[in-house]
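Given as structure tokens, the chain that follows is alone and in the form predicted alone.
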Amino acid sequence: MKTRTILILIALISFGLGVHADETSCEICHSKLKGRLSQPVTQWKNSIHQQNDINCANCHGGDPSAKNMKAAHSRSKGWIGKPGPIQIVKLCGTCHANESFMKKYDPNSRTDQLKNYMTSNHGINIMKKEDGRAATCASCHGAHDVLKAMNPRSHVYPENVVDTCAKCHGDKKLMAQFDISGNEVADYKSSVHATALYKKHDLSAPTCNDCHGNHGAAPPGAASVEKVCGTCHVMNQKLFDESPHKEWDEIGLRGCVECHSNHAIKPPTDAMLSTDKGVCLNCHDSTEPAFKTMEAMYKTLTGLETKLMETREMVNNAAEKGMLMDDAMLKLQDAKTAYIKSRTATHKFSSDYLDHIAKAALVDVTNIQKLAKERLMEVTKRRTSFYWFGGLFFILLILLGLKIRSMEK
């Protein structure tokens, strides 16, 4: 009875101390070491691999049940130590390209990552050119601290992707070796996309992989860049496809990039169509019909924007003076939406089409202005009535005072 009690106590104490029967010699030894030699165990214990019983030996080989380092690191047991770039790709592919294996863990998991990687610049450099400077699976996902993509601590979580890519693409010396500027990360962080991602925490905002791909990472070519942008900007692409600029790729121009840039994309403004600073001037001069189209579109948009601002000011003015303007506010939002549609319509590069779309916004703005004027006139009437009533009341008080005085005399 005593022996049984002691065994139970030992089991409970062991459980409380975190000692597990299936703990490998890799964990036991490396957890006692210091610095970088203990870090793999710490990172692995919080990883998706640990949660699915993928341990050290699955990647590094060796004998995880051995009692000493020499036996654990036995080459006869498959010990490879720290895998090189090519080995990393093959090791990851052993599981992640195995459909029957991966479906045991996640029925929806993709198993084409390795195939796509092999077509990428990264994969070609590593696997065909044997150039270890390019990115492997571990470069992006981490070596031991591999987490699900939507875990905020993951290297490939949307808000972390850019910094992950920056480990290589922010290194100008390294990028110069591949004839890449190395300014891409800094440019992106100054863009409207980065503002949406980091300041507004909009996880749908594009990062590096949204435009360049995940495992099949390759720069979009001249003929595909508008398709990449069109993934999100669907209407812009549709109109662009109907425009005279659709054939830009035939003369070596790059679609969306020509006007909006690629990484340092700024918020679009009506000034992009202005006759003194407009982006159209990069290709067209004042002697071309395109210049007149640009000028007409600029006037339409700026005129509409001015009217919208004037109307908003009138509505706010009426609201500040105590008038109920909720209906006007709602209509003003509709007018703003119509204005945004008008700005989108510029991608067809047709002033007639833009005027047609802008009419809806102009009608909305005109109706709101009429409503705001009516409410402001109502304010004026009420104030006029108040002043008249107040004046009459004041006169009556004076007359009453005089009457009382005459009666007292």
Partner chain sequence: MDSSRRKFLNGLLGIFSLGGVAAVLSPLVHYLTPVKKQETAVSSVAAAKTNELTPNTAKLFKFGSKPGILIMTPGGDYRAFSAVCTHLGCTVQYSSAERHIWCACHNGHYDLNGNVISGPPPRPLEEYVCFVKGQEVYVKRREA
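Everything quoted here is computed from the prediction, not taken from an experiment. Residue numbers count along the first chain shown, from 1.
The protein also exists as the form predicted together with the partner chain; that form is not presented, and the subsequent description refers to it.
**Student:** Do residue 179 and the partner chain come within 4.5 Å of each other in the predicted complex, heavy atoms counted?
**Tutor:** No, residue 179 stays farther than 4.5 Å from the partner chain in the predicted complex.
**Student:** Check residue 69 for me: does it contact the partner chain in the predicted complex (non-hydrogen atoms, 4.5 angstroms)?
**Tutor:** Residue 69: no contact with the partner chain in the predicted complex.
**Student:** I'd like to know if residue 241 sits close to the partner chain in the predicted complex, meaning any non-hydrogen atom pair within 4.5 angstroms.
**Tutor:** No, no contact at 4.5 Å.
**Student:** Hey, in the predicted complex, is residue 110 touching the partner chain, heavy atoms inside 4.5 Å?
**Tutor:** No - in the predicted complex, heavy atoms of residue 110 and the partner chain never come within 4.5 Å of each other.
**Student:** Out of 313, 171, 305, 334, which one falls within 4.5 Å of the partner chain in the predicted complex, going by heavy atoms?
**Tutor:** The option sitting close enough to the partner is 334.
**Student:** Just one of 23-31, 61-69, 338-346, 360-368 has residues with a heavy atom within 4.5 Å of the partner chain in the predicted complex, so point it out.
**Tutor:** Looking at the other structure, the answer is 338-346.
**Student:** Judged by heavy atom distances of 4.5 Å or less, which residues of 293-320 approach the partner chain in the predicted complex?
**Tutor:** Heavy-atom contacts within 4.5 Å come from no residue here.
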